[in-house]
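Only one chain is included here, represented as structure tokens and corresponding to the form predicted alone.
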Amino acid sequence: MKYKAYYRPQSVPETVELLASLEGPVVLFAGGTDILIYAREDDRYADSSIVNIFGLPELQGITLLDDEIRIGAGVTHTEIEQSPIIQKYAKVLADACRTIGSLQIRDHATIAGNICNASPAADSLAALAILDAKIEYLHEGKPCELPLVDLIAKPYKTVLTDRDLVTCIRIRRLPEGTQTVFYKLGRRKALAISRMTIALLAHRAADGTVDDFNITVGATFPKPYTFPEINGILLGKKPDPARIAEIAQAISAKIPEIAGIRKSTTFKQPVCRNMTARLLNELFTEA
């Protein structure tokens, strides 16, 4: 990997001060699992200053708040997958992180890196989207916040500058009894880039009506999306085959509407419709 200069700050304040002093392009290096792949393809970082922020103490930890969970930007996918807090209150994210790459990659790749790389096929994004993820970051040393769906602008592009430092991700703390599902479709069972992911959560009141529901599809659209109008099909109602079929049809119809008609559309639309219906039927039957 060719680069202009390399720095290893020891704290977030030191990182902020360093970023303000550097001239030319900067690359914030956390797990590096994406950056090192890009560096092998060409010399795109030859004129950049590399700032290694992996392991900064302020970017670590998973904390349970009143109605949210705070995940440090430098937390790895393995740490999320194995976290008792995530497994109890946001299991869909643990399930998503479990599908990412290999064990060696999950041990080093960070959640903020997966977000900031902004790959449409990033496995964590669909789960983060239905958990209403908010991203906290420092812009010129000042704290800022954006919803995940607004932070990612398009494939491999966020609204952040190369001087912005993500500090944490906040997600919903799901109430007890919430059921979640994460489904990944790839060309093989392991070490596969997603062709489609489906993430959903559902909670039912004592009378059997659905009082919380959120579903989205990943690795299909240019950026993460949520669909309040589709969620509303079930909210306040009891799940039945007709409503489940309506949801499956509605979310599959979003594929050409948002992503346009491509070669993969004839494959993805029926797969999305059929898998959504199957997952919802299984979820509510098991319940």
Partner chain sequence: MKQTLSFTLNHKPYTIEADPCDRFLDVLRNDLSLRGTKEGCGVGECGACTIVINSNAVTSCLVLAGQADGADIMTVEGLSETEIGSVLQRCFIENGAVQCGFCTPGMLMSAYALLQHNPNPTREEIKEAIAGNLCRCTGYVPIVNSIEAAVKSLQS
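From a predicted model like this one, the values you see are computed outputs, not experimental measurements. Residue numbers count along the first chain shown, from 1.
One more form of this protein, predicted together with the partner chain, exists but is not displayed; see below.
- In the model of the complex, the partner chain sits within 4.5 Å of a heavy atom belonging to L36.
- Although the partner is absent here, D162 is not a contact residue: none of its heavy atoms lies within 4.5 angstroms of the partner chain in the model of the complex.
- Put simply, G31 is close to the partner chain in the model of the complex: some heavy atom of it is within 4.5 Å.
- Although the partner is absent here, I50 lies within 4.5 Å of the partner chain in the model of the complex, judged by heavy atoms.
- Proximity to the partner chain in the model of the complex, defined as a heavy atom within 4.5 Å, holds among H203, K134, H108, R173 only for H108.
- Of the candidate stretches 145 to 153, 100 to 108, 162 to 170, 175 to 183, only 100 to 108 has residues with heavy atoms within 4.5 Å of the partner chain in the model of the complex.
- Proximity to the partner chain in the model of the complex holds for none of F227, R273 and R278, with the criterion being a heavy atom within 4.5 Å.
- Contacts to the partner chain in the model of the complex (heavy atom within 4.5 Å) from stretch 135 to 157: none.
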